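Next up is one chain by itself, shown in structure tokens, the form predicted on its own.
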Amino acid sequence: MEKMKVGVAGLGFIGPAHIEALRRLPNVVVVAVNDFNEETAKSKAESLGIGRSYGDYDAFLADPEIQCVHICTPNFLHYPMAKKALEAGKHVVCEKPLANTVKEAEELVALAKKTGLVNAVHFNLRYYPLVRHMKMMQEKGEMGKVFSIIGSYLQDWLYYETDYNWRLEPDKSGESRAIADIGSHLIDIIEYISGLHITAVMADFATVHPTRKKPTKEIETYSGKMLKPEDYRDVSINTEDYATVMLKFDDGSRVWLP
């Protein structure tokens, strides 16, 4: 079987995670990577053991060997990068969200349909063993009728006011953070397992840290790297870092997500 040749764009935290996962597949090979400049792309490629690197996305897409592009960049770049990849004849696997607006997402769906290319969103939690087991239980009828679901998705990596990431900035992540970022995984899992579809939403958002300390020096997500007090500046936060959501499904079932 001929191997699918993949290029990965975006080499912060999640890009290397994609590469690690792809290397576990016998019929896939990562042939090239792309990041925001030549030096960074080359350094990351060397550390990951990948032969080709590009600091320019257009040059990356022009690589004739790449058949599929994994987009692992901040949210605001997903739509333009996915669109360019589809127009270049490449399949796309994109980190969520596919786009920051419904209009942009619908445009990408239409473009993929027109070109016959794959345009997938990466919801990896579907494939955790426990999730797959619950999905099979539902399909076999072992769960019975679902009347209500209670779920939570908690993360502590932005717990302190000194914790910072581009996801806190609406121009990069979109207008919602906790729900759009980790909440989207939980909502996807609920629909995936139950086979039901959401028809109504009621939500309450809150911002625990209205002011955070933004690093003035580069720091990678989850790196655990500590900076000195003088290496931060105070910034106002206008995206939520806590949310409680109630959902209604098409069969009348309810979900509560604290």
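Owing to the predicted nature of the structure, the values given are computational and were not obtained by experimental measurement. All residue numbers refer to positions in the sequence shown, first residue = 1.
There is also a form predicted together with a small molecule; it is not shown, and the following applies to it.
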{"query": "Interface membership of residue 174, the small molecule in the model of the complex, 4.5 Å heavy atom rule", "finding": "no"}
{"query": "The small molecule contact at residue 192 in the model of the complex, heavy atom, 4.5 Å", "finding": "no"}
{"query": "Contact label in the model of the complex: residue 245 to the small molecule, heavy atom within 4.5 Å", "finding": "no"}
{"query": "Contact test in the model of the complex: residue 96 vs the small molecule, heavy atoms, 4.5 Å", "finding": "yes"}
{"query": "Position in contact with the small molecule when the complex is considered in the model of the complex, options 90, 135, 167, 83, heavy atoms within 4.5 Å", "finding": "167"}
{"query": "Candidate from 188, 181, 163, 104 lying within 4.5 Å of the small molecule in the model of the complex - any heavy atom", "finding": "181"}
{"query": "Heavy atom distance at most 4.5 Å to the small molecule in the model of the complex, all of 159, 210 and 239", "finding": "no"}
{"query": "Answer range among 229 to 237, 193 to 201, 61 to 69, 31 to 39 for contact with the small molecule, defined in the model of the complex as heavy atoms within 4.5 Å", "finding": "31 to 39"}
